[in-house]
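Next comes just one chain, in structure tokens: the form predicted on its own.
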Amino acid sequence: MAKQDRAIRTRRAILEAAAIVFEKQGFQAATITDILKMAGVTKGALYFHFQSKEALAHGVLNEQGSGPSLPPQPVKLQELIDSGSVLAHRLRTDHLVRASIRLTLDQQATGLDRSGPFRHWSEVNVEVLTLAQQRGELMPNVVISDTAELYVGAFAGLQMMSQTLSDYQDLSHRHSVLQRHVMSSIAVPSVLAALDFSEDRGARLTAELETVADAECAAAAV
């Protein structure tokens, strides 16, 4: 068990170091040597967990979809808002997520398949929108696949603008504005009135999830 815990910590340390290097330098300029120096581990330890720089980059890319599952909501469209709200909050507070976004949008990252996050979020959105449609939450003219991809593309653009203008400090506000505009065109009036577009919702949900995780860890340690 001790060896397993140590391996998990080592892998996490390598990922976090890679995230810092990728965020600062981009994929092409980053080197394994830079990541080793930042992580403070041996080359053997790094290659035990990640066989190449590309594998490291994919590990960072996967952080966009990591973390505990968000709680289900009575209104499915609220779950669509919540996933974006939490991601916006994590972009301000988690350098692994910031690096993941940087890699996803890094057009100089030749040879690196960056399609995973785009496909992942589109699929998640399709699933939520399909359930929302089955529950009668959507206007009849909504095309689910188009709406799902619109959200992904719009968020990508918003976060780039926010990063440039405010280092992500206004991203929750920009995300709330996006949701208000899109939901007003896809949600039936009764559902629209029930949605929570609060700019601090991502922070509140994250804090709740962390409290639950801490309680579960405490219970497991007893």
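For every residue, the number given is its place in the sequence shown, counted from 1. In this text, all values refer to a predicted model and were calculated from it rather than measured experimentally.
Same protein, other form: the form predicted together with another copy of the chain, not shown, and the subject of what follows.
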Does another copy of the chain come within 4.5 Å of any heavy atom of K37 in the predicted complex?
no
So in the predicted complex, is another copy of the chain close enough to H181 to count as touching (4.5 Å, heavy atoms)?
yes
If you check in the predicted complex, is V188 within 4.5 Å of another copy of the chain, heavy atoms only?
no
How about R174 - does it come within 4.5 Å of another copy of the chain in the predicted complex, if we only consider non-hydrogen atoms?
yes
Of these, I32, A55, A154, A45, which has a heavy atom no more than 4.5 Å from another copy of the chain in the predicted complex?
A154
Pick from 116-124, 81-89, 68-76, 130-138: which stretch has a heavy atom within 4.5 Å of another copy of the chain in the predicted complex?
116-124
Within 139-164, which residues have a heavy atom closer than or equal to 4.5 Å from another copy of the chain in the predicted complex?
D146, T147, E149, L150, V152, G153, A154, A156, G157, L158, M160, M161, Q163, T164
